[in-house]
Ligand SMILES: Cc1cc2nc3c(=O)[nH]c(=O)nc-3n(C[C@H](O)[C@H](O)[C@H](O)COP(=O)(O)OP(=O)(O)OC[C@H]3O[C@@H](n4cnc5c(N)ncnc54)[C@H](O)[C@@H]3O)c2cc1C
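Only one chain is included here, represented as structure tokens and corresponding to the form predicted on its own.
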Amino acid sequence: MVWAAGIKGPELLKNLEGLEVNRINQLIVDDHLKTSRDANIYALGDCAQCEWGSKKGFVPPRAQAAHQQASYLYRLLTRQLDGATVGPFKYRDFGSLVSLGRQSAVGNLMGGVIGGNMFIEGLIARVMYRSLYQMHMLALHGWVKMVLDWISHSLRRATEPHVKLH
């Protein structure tokens, strides 16, 4: 298992014999996330260069892509154990949210109810950003850790300065 964070794969990947990598050390994968030269090795997230079926180019190296790929691989591997198959991986871009401090955020939401793109900002975007963060915490650590993290964050925020100068 190799862990990568960021938009470039670790140097270790380019030194693995027999596996094809691109210029930023990502393993080249097919539409089932299998590496191009060894069908027994899968890659996802920042470690993988995966074609974006419906668009030209590749799936962006972002958390939402890694999350979708992890869910897909879980489904694929459990069905393979049962002798079943799964169709190819299909990435859906739901947009982006960026935090701009305690009270604000901006984002671009895609698809959903309106069917197109929608730019959001301010408090609404901030609430959505915080909700998304809590959903990630829940998925990773469960209810108890998520609630304790939220309480801890709320208490720390009350005592931290509004502006940090370093």
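Values in this document were obtained by computation on a predicted structure and should not be read as measured data. Throughout, we count residues from 1 along the sequence that is shown.
Just so you know, the form predicted together with the named molecule exists too; it's not on screen, but the next bit is about it.
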Since the partner isn't included here, can you check whether the named molecule sits close to all of 9, 20 and 25 in the predicted bound form (heavy atom within 4.5 Å for each)? no
Verify the contact flag for residue 104: yes if a non-hydrogen atom of it lies within 4.5 Å of a non-hydrogen atom of the named molecule in the predicted bound form, no if not. no
I'd like to know if residue 66 sits close to the named molecule in the predicted bound form, meaning any non-hydrogen atom pair within 4.5 angstroms. yes
Contact of residue 32 with the named molecule in the predicted bound form (heavy atom, 4.5 Å): no
Distance check, residue 44 to the named molecule in the predicted bound form, heavy atom within 4.5 Å: yes
Want to guess which of 58-66, 34-42, 117-125, 137-145 is within 4.5 Å of the named molecule in the predicted bound form, heavy atoms only? 58-66
